[in-house]
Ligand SMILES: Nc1ncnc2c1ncn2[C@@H]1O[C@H](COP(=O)(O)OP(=O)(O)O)[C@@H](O)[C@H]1O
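Here we start with a single chain on its own, the form predicted alone, put down as structure tokens.
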């Protein structure tokens, strides 16, 4: 191939830290080509656990004051830069989601992890603040990954679902190319966030999550509590909708404990079991609301919840006609998909392409997402 035929190539490092506040996911992607459908190759993926200080602060972000947020913004940017520099990767751009502190659409959203410090310390341009432009158009600023689901998963004739179970669970229905129905996506409710809180309380902070769903499997359902939890107003909202710690954080978990105060190990396991059922039922309930315009044959599952065997078994039992599979596509898997997604959103930004889906977020129009910080030369 002559130089004149060569397609543009760019290496983008996607960074993602979710509401579970357990660490940093990185995914370095080489994109080749132009337009919305470039070829890609995953060059590197990695997960780095947060230091204990970050875990404690980011699990209850609504309790932070402005001074603490400003200090954590700098500390997190420094930590990001130090960890990335240790990896010695060839990076053209960094696309950083940042750690969400507050998300109150359509008025306000805040993600921290000082991009200026990162850009200077790594000497690499940083794309950041992916949510504000959508909010400025009246949107929810979330979910942002559905356009990535479309890029990765759209098929000719079959409709497919993409489910990410992080702290919050979110769902995308990607219609086949020959289905004129629109792509839809929304947050279904809590993913791991309530389960994790119960596990940490039960284990006195020795465990951070229910590995494999083993604790939940030892419990039994509390129907009275489940029925009460399912009355939360969030589940009655029609999409577009997004959720966070404002709906399902520490305050809500304390409300649950007032209703069902576990007094021994078995009652704790019953609580963890019931919260796992809640996550499953709110996910499958969302799927059952889909109109007959959609006939999904498969659901690709990513995020930490994909490793919870009990949760996955509950989903399979409720959705017998849908093939539920782990995300594993050309190097994109259940662990790195969201970090890959922000690398792709970074690619859209540098190519001046719109990245939000107004039908998903409720924004008035499609816009480019992100801001760029260029390091000062020398």
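What you see is a predicted model, and the numbers here were worked out from it, not measured in a lab. Numbering follows the first chain given and starts at 1.
The same protein also has a form predicted in complex with this ligand, omitted here; what follows describes it.
Peer 1: How about residue 202 - does it come within 4.5 Å of this ligand in the predicted complex, if we only consider non-hydrogen atoms?
Peer 2: Looking in the predicted complex, residue contacts with this ligand do not include residue 202, since no heavy atom lies within 4.5 Å.
Peer 1: Given that this ligand is not shown alongside this chain, does residue 262 nevertheless sit within 4.5 Å of it in the predicted complex, heavy atom to heavy atom?
Peer 2: Flag for residue 262 set to no.
Peer 1: Might residue 305 be said to contact this ligand in the predicted complex, defining contact as any heavy atom within 4.5 Å?
Peer 2: Yes, residue 305 sits close enough to this ligand in the predicted complex that at least one of its heavy atoms falls within 4.5 Å.
Peer 1: Within a 4.5 Å heavy atom cut-off, is residue 234 in contact with this ligand in the predicted complex?
Peer 2: No, residue 234 stays farther than 4.5 Å from this ligand in the predicted complex.
Peer 1: With this ligand left out of view, which of 240, 219, 113, 167 would have a heavy atom within 4.5 Å of it in the predicted complex?
Peer 2: Only one listed residue qualifies here, and that residue is 167.
Peer 1: Looking at 83, 228, 267, 211, which is the one with a non-hydrogen atom within 4.5 Å of this ligand in the predicted complex?
Peer 2: Contact check passes for 211.
Peer 1: Please pick out the stretch from 284 to 292, 131 to 139, 211 to 219, 67 to 75 that is in contact with this ligand in the predicted complex, where contact means heavy atoms within 4.5 Å.
Peer 2: Selected range: 211 to 219.
Peer 1: Need the contact residues for 15 to 49: heavy atom within 4.5 Å of this ligand in the predicted complex, sequence order, or none if there are none.
Peer 2: Read in sequence order, the residues that approach this ligand (within 4.5 Å, in the predicted complex) are 18, 19, 20, 21, 22, 25.
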